[in-house]
Structures are given as structure tokens and as C-alpha cells.
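Here you get one chain, nothing else, as C-alpha cells; it is the form predicted on its own.
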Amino acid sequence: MPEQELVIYNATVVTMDADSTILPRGYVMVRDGGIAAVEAGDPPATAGGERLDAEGGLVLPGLINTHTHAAMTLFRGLADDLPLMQWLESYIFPAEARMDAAFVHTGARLACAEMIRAGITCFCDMYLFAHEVARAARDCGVRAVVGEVLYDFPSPNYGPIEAGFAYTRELIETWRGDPLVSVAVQPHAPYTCRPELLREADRIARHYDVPLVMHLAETDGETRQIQERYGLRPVAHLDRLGLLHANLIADHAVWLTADEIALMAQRGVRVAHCVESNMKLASGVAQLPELLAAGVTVGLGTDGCASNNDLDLFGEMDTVAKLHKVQRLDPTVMDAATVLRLATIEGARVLGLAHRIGSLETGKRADLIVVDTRQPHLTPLYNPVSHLVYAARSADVRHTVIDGRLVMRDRRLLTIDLASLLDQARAKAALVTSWVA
């Protein structure tokens, strides 16, 4: 079978490698889904396959969304401006109880369409009917780490938790070896999961050598609840259970003390930082500079569209830089180079995928995007990294490549019939309206 080649040229290449190399005029050669070359200058005339002129734009690794609930695109705007527990218990959990596999599949495809157009090439998803999220990601050509949410009360997908464990094992075994989809074990949170559930989830994750993902210390109320219930704050609670280790990805991690941050760093815990969701739900401001200073690996996440309300990591980058600057009254905090790394190579490290994606280097998989800089808000361009964090928008993503495959060209989705998908999403929204009436 002949090798499939794609060459993206006439670009400023922002590699995100260990040296933060930027090639002011360069090209990326893709062969059979992998990066065959990243070089300065023009590609050799003998280079075969498809040639894509970036027309002076920026080529960089695809952005990595380390935490979301993809199918919640169908709950976007359903119940805004409410406290987290009221939002969950009065709106989200009751609506989710009425969902089925087809609902989740449509919502996940809608999320994939939004993420491809926003330059997100990989996402970590915690939700119900996880097989449908995996199928949607695969069919749309998006890289994903998926997991079935586990909690104490019966699930509308699997029912009792014993069936949830069986579903999780079957999910792992079904998708093992898939080029785009991998699986994590994902108990919801310490406040919705008994210690026995958390221990069993961890045993499954260890057995299959896959990540363990959960919400942790997201709100002050949650932190106090765990302390009242178990006599310990959430981090210490997990540590006593033996779950505070290098396989754990902690989502949000807002309410942390200095000692807890030090312990998480010592244990190798990774964090998905969801700044806009934390702001919108008034959960608090995570100690991000302190986490990074302690050596904790951190990536950026959007959370779900019901609590953000979009899947836009360009917006997240801009917000995460500015929020921490103003909170500390220090304009040097969370500089653009650091923030861009959180959205790319550090996000890959959070998900355990840095050996495959997150930077443009020979031998890695070709997950990359082209940002069109021929825009008033991106002209002139003195510093590509600064522009990507403070000025670029998701709508500036012109082409998206995942695993060497063009999934968007000139803003047109190539793996999704968008008009048909939007019709399907509107039909599902009509159901949601009837559920919460």
C-alpha cells in the first residue's frame, strides 16, 4: 500500500518541543499519519502527496482538552447562573436520567464538530454511554480518552455500580489498541463515590494500566462535605485510600492548601485546570502558579458546555493568563509561553500521551492545526506565541489535521455532515425541553 503524504508549507512552525523551537518559515511533512519531518525553508520539490499552503499562517500542535463532558453540548444554556449543587441536582442529573445512547452519540458528535473547528484535536471525556462518545470520536476522526462516569446512585446507562464496573472493563477491552480512542476509569468525585467504589475503580485502572480520572476539590462546599463525612479534606481522603498517585488525573483541583499541593507533586498527581467553568460556577480560583512551581503537571480543560458554555481552548488560554495576573496583581504571572504549553505538550503529559502528541517532532503522530494570521486582530505579528494566547480566536483555525488526516480544510468539516448534525441536535434539544418543563 503506498504511503500517504501531506506537506504543510509556507508557515511559521511553532513546534512546542523541549526548546520551544519556532521556525519563521518552515514546513511539516506527514507520512502515514506520523510526522516525517519538521524543517526550516521550503519542502523538497520531490515531496509527494498533497501539498497544503499555509499562506504565512501559524502551524502548531493541535490543542488538547484535558477535561470535558462532550455530550453536554445538548445542555448548553439549559440552566445558567446557578450554584453547582443546585445546577446538578435540579437540572443536570434529572435530564441525564432521561438520556439514551442515541442522545449521547449526537451530543458527542456535536462536540467533535465544535472542537475540530476550534483546533482541539484530542479531548478527555467523562460521561455516560461512553461507548457512544468513543464511536463518535472515532467516526469524526478526533483523538479521545473516554470513560464511563461511576457514582453511588444508579446510572441511566448501566444501572447499579457493579454493572458500571463491568461496563468499564468491557469499554477498556473493546477500545484497546485503537489508533484514536483510549479509555480511562472515571469515578465522578469523592462526594458522589463511596470509598469502596473508589478503591475498586483504582484496582481496575491499575489492572489495565489506564488513567484514573475524577473531579477533586472543585468547590469549598465539596471540601467541607468530605471533611465532615470522613474527617479529612479531599486530598488527604484520597491519600488514605491509596488513590493519590501518579496514575490520578484530578479535574479542577481548586481548593488546595500549600501542603496538599506539595503532596500532590510528591505523588505525581496530574491536574486538569478548567478556569472558565470554575469562574462561571463561582467555584473559586485554583492555585495554578503554585501547582506549577511545585512541579505538578497541569493541562487545560473546558469542562462541559453546560458549565462553560463552549469548547474553546483559545478562550481558556486568554482567560487563564489574565485571571491569575489580576488575582496576584502581577503581569508576569502565567506568561504566554507557559500557557500555550498547558494547552499543548503539558496537556499531552496530563493524559499520558506526550510520547505521541503535543508537539511537532519527527516520529510523533500528526495532530496539528493551521491558524490563519491574515486577520486584522492578528496583524502585525511580532510574537506568534503571544498572539496565540492573547489575540487568536478559535475561528482563526483554518485547517485541522488529526493522526495525519485532514478533518477540516478551509473551515469546512470533512468528516461530519454539519447541516444534518445540527438538525439532529435541534431534535434532541426538543426532548430536553420536554424533560425539564
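The first residue of the shown sequence is 1; numbering continues from there. Computed from a prediction, not measured in an experiment: that's the story for all the values here.
Missing here is the form predicted together with a further copy of the same chain; even so, the following discussion is about that form.
Stretch 380-388 is the answer when you ask which of 380-388, 31-39, 59-67, 402-410 has residues with heavy atoms within 4.5 Å of a further copy of the same chain in the predicted bound form. Of the heavy atoms in Ala429, some are within 4.5 Å of a further copy of the same chain in the predicted bound form.
The closest heavy atom approach of Glu148 to a further copy of the same chain in the predicted bound form falls outside 4.5 Å.
Contact check for Leu23: every heavy atom lies farther than 4.5 Å from a further copy of the same chain in the predicted bound form. Although the partner is absent here, Asn247 lies well away from a further copy of the same chain in the predicted bound form, with no heavy atom inside 4.5 Å. Residue in contact with a further copy of the same chain in the predicted bound form (any heavy atom within 4.5 Å), chosen from Lys364, His131, Arg267, Lys280: Lys280. The three residues Leu110, Asp312 and Ser394 all sit with a heavy atom within 4.5 Å of a further copy of the same chain in the predicted bound form.
Shown here without a further copy of the same chain, the chain has Leu418, Leu422, Ala425, Arg426, Ala429, Val432, Thr433 in 412-437 lying with a heavy atom within 4.5 Å of that partner in the predicted bound form.
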